[in-house]
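Here are two versions of the same chain, shown separately as C-alpha cells and labelled structure 1 and structure 2.
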Structure 1
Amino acid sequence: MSLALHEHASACAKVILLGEHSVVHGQPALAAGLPEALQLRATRLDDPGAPLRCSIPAWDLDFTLAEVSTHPVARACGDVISHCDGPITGWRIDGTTAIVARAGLGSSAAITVALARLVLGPAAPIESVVEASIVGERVFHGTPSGIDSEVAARGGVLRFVRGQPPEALTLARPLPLVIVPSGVERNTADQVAKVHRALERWPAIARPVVETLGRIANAGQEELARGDFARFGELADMAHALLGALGVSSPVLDRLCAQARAHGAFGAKLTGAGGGGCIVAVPSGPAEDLAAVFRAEGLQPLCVEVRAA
C-alpha cells in the first residue's frame, strides 16, 4: 500500500454530443470531455490514523472513509483507493468544480478518475486509471458501460460503439459548447425504458429512428473533422427532434433548446438520458453571450471549449 497521495489530480466531465440512447442499440455515439472539470488536492492530516476525509462543497459532499456503510460516494471512493493500494487514513482531499452533479455530466466518473490519479500519479497509464474508475462506478451504476470513465480520463472527443474500444476523433479546431442544466432531475433507467418500449411496440417505426440517430453521429463526426460547426449544429437539432420522437425529451428541454436557437445557436439538443438534466448548444458567436441569456433566468450555464485529446 502506498502511504502517500499525490498533491493534485484532475478529471474531465462528459457530455454526449450525439448518439445517446441509440448507442445502447449498437449505434455509434460521440462524447466530449469537459476539460479539468474536477480538481482534487490532497493534504496530510496531523493524525496519520484518522480516516481519510473528502470534501467537494459544490456537490454537497463531505465524508470520511469510515462512512462507507452508509454513504455510497464514500464506498465508491474507498473502493477506488483500495483498488489502487492507496492510503485510507491520514489524508484530506478537497475538490473544486463548476460541474453540476447528478445532471448527466459524468460527475461520478470524474471523481473516481481524479481519485485514481491522486493515488497512481500523473504518469499512470490511462488504462489503469479507467480500470480503477470503473471499480467505483459499479457502486453507482451496477454495470457501467465505461463511456463516462473513458471520457473522464482521456478528454477530447471519443467515438463509441458498443463492444469496441473508444476511438479518439480529430477536430479541425476547438469546439465551443454551452451546457445548460435544466434544474430538473432525470432518471436514466426510466428514459432508457421508454426507448425499449418504443422499439417493442413500434419496431418498424422506432428502429429506423434509432438507426438514423446513428447516421447522424457518423455525419457529426465528419463535420467535426471539417470544423463546420454550423452543419454540426443542424445535426444536433435533428437528433433532438428524433430523441423527442422516442419520448425522452421534455417541455423544459425543448424550451431551452428553442431558446438557444432563438439567440443564435447553430443547434441545441438534450444530452444524456433526457427527461431532465442538461442541454448542449453550439454557439454561433461568443459562448458567453449565449450563456448570459440563461444566467438571466437564474440557470447555471457552463461554457467550455473542447479540443482533441
Structure 2
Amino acid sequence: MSLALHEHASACAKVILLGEHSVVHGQPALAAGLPEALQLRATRLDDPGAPLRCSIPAWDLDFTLAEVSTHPVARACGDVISHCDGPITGWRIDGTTAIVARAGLGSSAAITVALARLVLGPAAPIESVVEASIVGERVFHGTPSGIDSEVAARGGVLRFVRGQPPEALTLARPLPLVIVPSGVERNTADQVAKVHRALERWPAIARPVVETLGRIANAGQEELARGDFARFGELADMAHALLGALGVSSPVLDRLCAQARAHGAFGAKLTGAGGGGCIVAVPSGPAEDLAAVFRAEGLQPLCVEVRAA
C-alpha cells in the first residue's frame, strides 16, 4: 500500500457525440474529452489516522471515507483508492471544476480518473487509470460500458466499442459545440434500464433501432473526418429521434433541441443517458450566438471545440 498521494491530478469531462445507449449493446460510439475539466489537489492532514476527506464545492461534495456506507460517491472513491492500494487516512483532497455534475458530462468518471491518478501518479499507464476508474463507476452505473472512463483518462475524440481498445480519431478541423444543461437531474442506471426493457419487450423493433444508432455513429465518424458539420448535424438529429423512440429523451430535451435547430443549429441531440442532463448542438454560425439563446432563458450553456488529442 502507498501511504502518499501525488499533489495534483486532473481528468477530462466528456461529451458523447453519437452512440450513447447503443454502445451498451455492442454498437460503436463517438465521444470527446473536455480537457482539464476536474482538478484535484491533495494535502496531508495533521492527523495521519483521520479518514481521508474529499471536497468538491462546485458539486456539493464534502465527505470522508468513513462515510462509505451512506454516500455513493464516497463508496466509489473508496473503491478506487483501495483498488490502487492508496491511503484511506491522513489526506484531504480538494477539487475545482466548471462542469455540472450528474448531467451526462462524465463527472463521476472524471472524479474516479483524477483520483486514480492522485494515487498512481502521472506516469501510470492509461489502462491502469481506466481500470481503476471503472471499479468506481460500477458504484454509479452497475455495468458501465467504460466509455466515460476512457474519455476522462485519454481526452481527444474517441471511437469506442465495448470490450475493445478505443480508437483515437482525427478530425478535419475542430468541431464547435454548444452544450446545454437542462437543469433536470437523471439517473444513468434508470435510463439504461429503459433501453433494456424496450429490447426485451420489442426485440424485433428495438434491436434495429439500436443497430441504426451504431450506423449513425459510423457515418458521423466519416463526416468528422471530412469536416462536414452540416451532415454531422443531420446525423445528430436522427440519433436524437431514435433515442426518443427508445424512451430516453424527455419533453425538456426535445424542446431544447428544437430550439437549437430553430436558431440555425445544424443539428442537436441529447448527450449521455438522457431523461434530463444535457443536449449538445452543432452551431452553424458563431457558437456564442446560439449559446446566447439559452442564456437568455437562464440556462448555462457551454461553448466548446472538440479536437483530436
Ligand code: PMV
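A quick note: this is a predicted structure, and the numbers were derived from the prediction, not measured. All residue numbers here refer to structure 1's sequence, counted from 1. So that the term is clear: the rigid core is the largest set of C-alpha atoms that superpose within 1.5 Å between two forms.
Colleague: Quick one, which of these two is the form predicted on its own?
Modeller: If we ask which form is the one predicted on its own, the answer is structure 1.
Colleague: Could you tell me which of Ala31, Ala268, Val80, Arg117 sits at the hinge, given that one rigid part rotates relative to another between the two structures?
Modeller: Among the listed options, Ala31 lies at the hinge between the two structures.
Colleague: Could you check how many degrees the smaller rigid part rotates against the larger between the two structures?
Modeller: Angle of the smaller part against the larger: 16 degrees.
Colleague: Fitting the two forms on their rigid core, what distance in Å separates the Cα positions of Glu67 between the two structures?
Modeller: Spelling it out: core superposed, C-alpha of Glu67 shifted, distance 5.4 Å.
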